[in-house]
Ligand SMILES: Cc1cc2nc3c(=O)[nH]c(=O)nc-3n(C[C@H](O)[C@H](O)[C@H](O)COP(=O)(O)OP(=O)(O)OC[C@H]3O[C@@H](n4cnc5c(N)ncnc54)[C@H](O)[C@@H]3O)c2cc1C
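As structure tokens, one chain now follows by itself in the form predicted alone.
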């Protein structure tokens, strides 16, 4: 009898494992609906099969390789010298790192997507799939590489593009040029204007000025990247004196450029991707555009791109956590029934369902907005919305995802804390790094305040938000009604925020309003998505999940906790992705 008890428990756990998705794309109806809408019917016809193939790769061999790559002892290691004493400044990786890379770059073609139509919508959908495996050693470098592609396309000389774009856009892993972005210095952190790394002119090359870089960078992720995009000071103080420079790892003769990796960081998360401290000793660099426009290029082409990738990465963390927790709640038994039948557990799964639907819709809507912006298709208000929404989404998505992964861990109970039991502990660590990458929450609130105060961007942002919170579909508009009321409440509150003379106090005042606006923006993106669902029953079910998210995160007061609310939680929890 005792053995039967143990066997039954293990059978339940095996059933949980077997209920995990075998394809992250085909088992997510919302993602299919969003990609079809934003790629257009022609693009959907061309790319659907590839999305489906990569969804299976991400759930299968990529996930398995990422798990292997993150086992203790398989972390990247600094490899400074060759056996015969040649300077390498390289990183030694476990073979599973190369396997992850081949799946992401070759099967996924995440960066190669930038050579085709609707590049951001397609690349971010693929990146979302690959990020179900966590950082996987390559997803942060993919985001950095995307920033280099955008910066070169916008500001690079024709010679720089000819030299480096083919390698950046190739779908051959062994031939690729991957990228890194080095901005942070020990004294600066978020205060990039305090950076001290210097750039000294050194003639002309590749259709631009060649420079020599001297100084150090404190947080250098993808430390062995083929191409480094970095800021350095060419002029006076502040951000206006910072230029943007492309630093190749190898010089034309094949030797390593004049930099040294001081040490690798021992990070809480994203451990399979090497981050280090790097000293530059006159390294050869090429200006990307006029140096006086360097910091503007960093913000518009690099940071905003990275923040959008960050939103999709954290959204994928939440989505994967939802998959893990939902299947567990449906198979794990306690006290004579599956735990998902308990209202408190159903509430946890419903909360995960709401967060994943909101972030996925917002991230893909932002990707489509960036495609429209670069095609000249946004009006002034929509342009304001895109800038504000990108910053708010980066902040709020990582907060939601952090709570989502913790909720999933709690669903698994003690098993949730075990590294070898599920992917959740690693996702939590990776998500913490995402929360601080490309702007802490406080930095993003301060940026939003500046955009509202100096540029009046809140006016266009609010106009688009009000527009998109109404769809003409009764069930959807009923779900977003509390969000519409919240937007008006925040709009009134902004008068006092913007009237405050002390910017530090104003930032303090803005933060809860910024978080609420972010959640209202998530709700508006999801509302526009749900309204286009062709199956009426599914549309109304998703509208209820949308309403659950709105009531939890945007509404002024939460719903009464009674039997009808418990039944509502059960319905939302039962709704598949």
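Quantities reported herein were computed from a predicted structural model and do not represent experimental measurements. Numbering follows the first chain given and starts at 1.
The same protein also exists as the form predicted in complex with this ligand; that form is not shown, yet it is the one meant from here on.
Of the candidate stretches 406-414, 381-389, 74-82, 218-226, only 218-226 has residues whose heavy atoms lie within 4.5 Å of this ligand in the model of the complex. Of the residues 349, 183, 111, 298, just one reaches this ligand in the model of the complex with a heavy atom at 4.5 Å or closer; this is 183. Out of the listed residues 275, 306, 422, 331, 275 is the one that sits within 4.5 Å of this ligand in the model of the complex by at least one heavy atom. The candidate site formed by 188, 270 and 440 is fully in contact with this ligand in the model of the complex, as each residue has a non-hydrogen atom within 4.5 angstroms of it. Residue 433 belongs to the set of residues with a heavy atom inside 4.5 Å of this ligand in the model of the complex.
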